[in-house]
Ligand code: BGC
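Presented as structure tokens, the chain that follows is alone, the form predicted on its own.
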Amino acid sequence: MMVKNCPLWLKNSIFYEVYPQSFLDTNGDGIGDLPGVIEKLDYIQSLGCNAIWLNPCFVSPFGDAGYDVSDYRKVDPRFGSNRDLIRLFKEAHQRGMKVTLDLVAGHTSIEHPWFKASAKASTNRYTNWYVWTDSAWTESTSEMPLIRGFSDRNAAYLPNFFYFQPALNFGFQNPDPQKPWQLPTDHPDVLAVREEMKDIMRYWMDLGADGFRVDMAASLVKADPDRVGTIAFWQDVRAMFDQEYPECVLIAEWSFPRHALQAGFHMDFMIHFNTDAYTSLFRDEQKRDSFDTPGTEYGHSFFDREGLGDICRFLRHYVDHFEATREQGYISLPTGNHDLSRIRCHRSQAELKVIYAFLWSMPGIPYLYYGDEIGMSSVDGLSSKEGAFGRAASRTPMQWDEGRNAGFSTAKPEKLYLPLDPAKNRPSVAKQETSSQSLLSHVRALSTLRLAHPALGSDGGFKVIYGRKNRYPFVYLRYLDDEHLLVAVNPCAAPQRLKLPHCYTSIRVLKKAGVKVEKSTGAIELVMAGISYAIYEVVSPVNI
């Protein structure tokens, strides 16, 4: 089964997430910029990545690193200009690459002109564009924390995240009749907000953007526990895409594909909230890092050398969502993002190679967070920057070479957006370019393999061959038409042996590390060293 009504380019895409502040600074001010992204397009393409997710680049006071927008139609001067962004689109398209922008749809900055007008005591066009109560004395609740006393308007407003990110008014699915300020989803002012958001998307797609990753995509309609109203809004947006921009994509930060893909998104991330699927794979170690919350109870990641994880924690969520949404869209399991500790934390290069073999051979769309291709580390102990708090650890400057500021910027070190990783043995692109055994070379090889074998691609089928509770290894089949590929990963340090079903009596290795095959009595047994993986082509498959 294949995804229906999907841009063809998305089916064979591998994305690279660029956090622009930290990628490459070309004007020496210590902050990365759009010309820096353009300069490195050939490098990004060399990774096998043919699409980019660009984190927020619009005008902002940067209370939350650009996720507090004050002008949706203008690039912030720290990154360059609208002309630079248009040039990025054109340069990418000349290389056969796509560029998607980050859209913060659920809230703006308090500095946005809409909110400033909305906060006035006198009624105006924008009075109802945000969620305001009818009294400054309205008490907060756990479901609706409010900010009071912000302006002379006799009302309190609802923030969507930090206090300076007021929620745009997409209406209430189940408004309380005792609270007339809770507007229904078909109120004219609510509809005006919705149309404005669609026009913002049109504006950038008309200029060359290839779609959007939507921040907090499930956060729009209030009093909507089953997301009925939010789903309906995004279905309306998707209809607009299908009719006006059929080659552009909608990507959700929802982390619940059953809802997001039903809502019309072409893809959803399965990450660190709503289920424990992703966390159980990579970020559930007992080891403490800067992202941990005091009092948190820790489990064990499946991809950890201790061998105490449970692949079934992942599978019980993933398989359910995958089977329910196969014809609707794609699920992405990214290496990480700007809100997560680096996947490199507590792991060796060999461990990362096993993880990447898994990620590049799963269904859906691979996403590579900048720097993960060389194994950049989280830098713990940093002061918060632009609302990052512990998240600053994974937003440090890209490490290009061994020169000044690791090739990121010519600015003085104290002027850099964030400090560099101080480790003497920190990785760099320049060092890894010269080694065929480097993580960088491994990523390139996996991308080449994935693109060469349709069964490994987004539309390929997925079948668990061996995935037992608290057991290793994990073995699964990818298949499409007549092609069948067998993938085996052993992330733990203990060696493993596994006898395959008789239908796998003939396999040909495509890529492996630490795995050999033993044949006995007509069967095949995988002999896997600790921290190993293998990808095989099944030759002449029978009864699979």
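Throughout, we count residues from 1 along the sequence that is shown. Small disclaimer: the values here were computed from a predicted structure and weren't measured.
Same protein, other form: the form predicted together with beta-D-glucopyranose, not shown, and the subject of what follows.
- Proximity to beta-D-glucopyranose in the predicted bound form, defined as a heavy atom within 4.5 Å, singles out one entry of Ala192, Met216, Leu449, Leu308, which is Met216.
- This chain is displayed alone, yet in the predicted bound form one of Gln165, Thr133, Ser280, Thr275 has a heavy atom within 4.5 Å of beta-D-glucopyranose; that residue is Gln165.
- Remark: of stretches 172-180, 336-344, 117-125, 431-439, the one touching beta-D-glucopyranose in the predicted bound form is 336-344 (heavy atom within 4.5 Å).
- beta-D-glucopyranose in the predicted bound form comes within 4.5 Å of no heavy atom belonging to Tyr245.
- beta-D-glucopyranose in the predicted bound form comes within 4.5 Å of a heavy atom belonging to Tyr67.
- Although the partner is absent here, Glu253 is a contact residue: one of its heavy atoms lies within 4.5 angstroms of beta-D-glucopyranose in the predicted bound form.
- Contact annotation: Phe161 falls within 4.5 Å of beta-D-glucopyranose in the predicted bound form, judged by heavy atom distances.
- Looking at 377-396, the residues that come within 4.5 Å of beta-D-glucopyranose in the predicted bound form, counting any heavy atom, are Arg391, Arg395.
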